[in-house]
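Given next, in structure tokens, is a single chain: the form predicted alone.
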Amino acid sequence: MSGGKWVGQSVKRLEDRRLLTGRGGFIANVEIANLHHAAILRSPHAHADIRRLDVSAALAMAGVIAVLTGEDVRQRSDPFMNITGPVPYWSCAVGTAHFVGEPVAVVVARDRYLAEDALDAIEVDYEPLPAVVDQEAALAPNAPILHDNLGTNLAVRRRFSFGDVDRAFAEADLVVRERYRFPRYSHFPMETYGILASWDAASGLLTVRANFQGPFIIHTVMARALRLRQNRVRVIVPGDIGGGFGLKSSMYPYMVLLALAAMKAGVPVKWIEDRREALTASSSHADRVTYMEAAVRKDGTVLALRTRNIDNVGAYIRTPEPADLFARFSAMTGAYRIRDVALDLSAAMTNTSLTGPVRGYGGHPLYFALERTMDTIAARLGMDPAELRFRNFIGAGEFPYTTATGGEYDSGNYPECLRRLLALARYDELRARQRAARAEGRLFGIGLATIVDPCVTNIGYITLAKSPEERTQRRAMSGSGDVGTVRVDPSGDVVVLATSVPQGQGHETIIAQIVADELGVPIERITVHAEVDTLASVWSITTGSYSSRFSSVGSSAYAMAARQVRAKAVKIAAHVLEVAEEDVEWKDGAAVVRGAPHTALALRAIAGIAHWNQTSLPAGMEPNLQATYAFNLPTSRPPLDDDRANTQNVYGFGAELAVVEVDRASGVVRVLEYYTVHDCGTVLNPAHVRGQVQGAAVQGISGALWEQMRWDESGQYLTASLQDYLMPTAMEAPDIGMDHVETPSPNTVLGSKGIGEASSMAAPVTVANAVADALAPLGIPVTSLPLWPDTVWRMLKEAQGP
């Protein structure tokens, strides 16, 4: 294939032959000399002082060479820095444990079995303390305080107002208000955390191999905690990672903990997280309570929103938290033309495990409240929910569009997406089926959600946790760049050095498609190397795989690096052929003289000259044929003095529809049909897009119906195994009807946007709206998730009365 046609094709994944034949290079497969293994002792208490910790019996066991304790951690490292202030968060409990599963000690032994056995020999004397697990309870007077030095469980509170909110509410014909609760659930990658740390005392170099997904700003955080210079901390990320969904950006405390264990033991140490540890103490999004009010005209126009969000971020603030509150700040009004907005955003610390970035970070609870509110408005006005959305959409001719909170939406056609969705789902027929079902007494519901998909984090957004005055006292933060390197070897074949740390998304395939198009070479001649080594790779602090960056900034960096290689090749060819550079064009992998198609030099010949005959190059030109390009988006600026901020950089869109039926006898919700229409700009690989949407939709449906992390009132964790934490299987996954609208982004080189997160944000509320529609004849509101059978059954019983 040639002529720039690889992009847009469903090219089969190049990495699958390796992965499907068991030849993937995962962290658990890494072996080095004298490798030892670690096991972690964890707190059984939600809140307890550690009065005594005796490791002598463990150290006396054959094969055990070291035990790292909280006191070691305090002496050898510093608390992790964070944006909010002096929350004393180390990689291990120091003096007090604050949640069930918090590390208390680490055993290093000859093998994992010995290390696990030695955990039982450690004696710990705990003094239990009162615990609190609910964020509103944690902020109540007389609540147990987690960190005495703070005197409060409130981690941060910021209030914002844009436009004239009070006037809008005063002029409204209708005010709709509700309290919503969005639960906490995990994202469950198949491969758990894995770390191998080794310390070279002679050189002072620490090497940490880990399936860490970035962002690499965490490299700075780790180095500071370890009291090492950054160039003494070498992080190597293998080319294969078995899923991440954001969770593996939060594994850095374990990277520091294992580094300290390796330093103390004097041997390389490996730790692979087991599934119970992953469920108990890895990461998840924050659960949120939202109080939302909407001011509405009787024609359905939404004039204003007042929102109060209270996040539960767990026992400490772990960087980048409390970013969950601010990650979608620029899209707080979703797809709608709402100009007056008041926000009251808080994060509370509780005796639960810690939170952090996940797929759709901050978007699930935002859209759960906003899209439930839109359906409630439609119901109160007797209007079809689709019609209400059409009346409030930002129009296709209004882009680029600046939102009330400062978001700079780049492109879109929201009405067209919804029209296609309604046609795809045969909406009128569905409503006819609903009328027939209700006539039979069945609970049949249709749910809609239309959401903006903000992609490519602007690192400056986290500073919204500080007031404008406080921000002036710090260095400004901005940017979202990524780096790509393209190298043509002496034989004319191409190597791409990727820093996108893929976790199964197929980056190698799409990078090869992009570079093949730009250089006009067969895809088989391109090798993509995906391992990242902070001492050898070219990277930036925003490098990593998160916030749907790859298809936007990543793809742009690789395309621009290839274009620079192509431009250099044209210069070399013009010099050798003794023609003006502007008389040479690039066509099908060769530099061709315009008007003389037989006078040309193929890339292979140009590469040979660049490597083998360096003195023949144009004067002043560097030998070799390669380029590294760091791509950034100019829209990625610090927040303004009035707090408006473009917290993301490109904005996709998703319209989703679910059809459900609720069983009156059992409360079971069955998803009968599911449809989605997306706009992710230019589609780079349709098969990959389809896979991302299917996975995200099932993940979101699961959040609506099954998954939840739960603690009892004392802080004991209740869902530490797959017997208690409900995960869907292929049997529960519905068929998904899908279509796409393409409005290319003007901000990226290829016009592409993100696609992997939209449905994970939209599906929970789409299903919730469908269930609310099914239950509407009974007057039952849906204000929280998950909608377990017993939950719905109780709702039905309460509606029926005694």
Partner chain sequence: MDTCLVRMRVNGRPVEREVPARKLLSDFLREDAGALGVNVGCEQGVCGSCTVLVDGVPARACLAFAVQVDGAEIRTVEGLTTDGSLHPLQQAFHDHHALQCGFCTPGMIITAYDFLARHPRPSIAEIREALSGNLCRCTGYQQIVEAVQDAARLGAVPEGGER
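Bear in mind the structure is a predicted one, so any value in this text is a computation, not a measurement. Residue numbers count along the first chain shown, from 1.
Note that the form predicted together with the partner chain isn't included here; everything after this is about it.
Annotation: in the model of the complex, residues 157, 283 and 718 none come within 4.5 Å of the partner chain through any heavy atom. The partner chain in the model of the complex is not approached by residue 433, whose heavy atoms all lie more than 4.5 angstroms from it. In the model of the complex, at least one heavy atom of residue 188 sits within 4.5 Å of a heavy atom of the partner chain. Remark: residue 779 does not count among the residues lining the partner chain in the model of the complex, judged by a heavy atom distance of 4.5 Å or less.
Within this chain, residue 44 is remote from the site of the partner chain in the model of the complex, having no heavy atom within 4.5 Å.
Checking 535, 727, 140, 580 against the partner chain in the model of the complex, a heavy atom within 4.5 Å turns up for just one residue: 727. When you look in the model of the complex, the only residue of 339, 637, 297, 112 with a non-hydrogen atom within 4.5 Å of the partner chain is 112. This chain is displayed without the partner chain, yet in the model of the complex the stretch 694-702 from 651-659, 462-470, 694-702, 308-316 comes within 4.5 Å of it by heavy atoms.
Shown without its partner, the chain has 26, 28, 29 in segment 24-63 as residues with a non-hydrogen atom within 4.5 angstroms of the partner chain in the model of the complex.
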